[in-house]
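Single chain ahead, written as structure tokens, the form predicted on its own.
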Amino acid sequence: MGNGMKESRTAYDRPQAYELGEWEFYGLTLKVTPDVLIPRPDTERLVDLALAFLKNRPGEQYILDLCCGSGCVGLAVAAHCPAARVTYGDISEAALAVARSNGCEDIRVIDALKPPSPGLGPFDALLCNPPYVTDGDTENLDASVRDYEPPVALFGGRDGLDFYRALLPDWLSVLRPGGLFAVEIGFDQAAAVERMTRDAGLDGVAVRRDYGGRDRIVSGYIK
């Protein structure tokens, strides 16, 4: 009886996006599998920021969508900014296969926890929605996330900040002067990530909220 109840709960919690095999993000219908996170409205704020940055910049703009998963961020930017040329990077080859099925072209296996390879870039913007859930913090995750979404895309170390420590300052080297650095964060990580971003020497460091009013994006600009 106990096992039957567990199976019933799990079946009920299975995300609709994985059942359908697709999900909408920023007006795009994208393929999704359990190898990638389900795109969520909170992440659309990262796209909003990138498009505001790019709209008044002339010529082709080179974007790095790091920890890209399904490719949702870069694809949304490219759909609304024809001058954008996006490179998609992720540690998971399975995730990159999903990104490829969504039409991403310049795809690379990249470990964001390691310094960038020589010759990568330069880019006008680095956009990243990294893993930021504290390791082992499964009780505070919805069952649909905990049981189905890929752990490699969720957990970011003992305090959830490992990826921000790796990105700042090592990954700033791939950006041109004046380039945009923007990352999604957990709702309670703004102070820590904002401090790291300032300490790395970026200009115009700011925290932006998601549609629900929670801190969600930290950004700054290369001097």
Ligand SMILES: C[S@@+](CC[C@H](N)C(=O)[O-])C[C@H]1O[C@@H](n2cnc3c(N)ncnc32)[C@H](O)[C@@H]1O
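Note that residue numbering follows the sequence shown and begins at 1. This is a predicted model, so every value here is computed, not measured.
Only in words, not in the display: the form predicted together with the named molecule, which the text now covers.
Within 4.5 Å of the named molecule in the predicted complex, a heavy atom is found for every one of 68, 73 and 131. Using a 4.5 Å cutoff between non-hydrogen atoms, residue 92 counts as a contact of the named molecule in the predicted complex.
Contact between residue 163 and the named molecule in the predicted complex is found at the 4.5 Å heavy atom cutoff. With a 4.5 Å cutoff on heavy atoms, residue 111 counts as touching the named molecule in the predicted complex. At the 4.5 Å threshold, heavy atoms of residue 43 reach the named molecule in the predicted complex. Distance criterion of 4.5 Å from any heavy atom to the named molecule in the predicted complex singles out 37 from the list 37, 174, 190, 54. Think of it this way: in the predicted complex, the named molecule has a heavy atom of just one of 152, 120, 97, 143 within 4.5 Å, and the residue is 152.
Residues of just one listed stretch (134 to 142, 112 to 120, 77 to 85, 99 to 107) have heavy atoms within 4.5 Å of the named molecule in the predicted complex: 112 to 120.
In the predicted complex, not one residue of 187 to 209 has a heavy atom within 4.5 Å of the named molecule.
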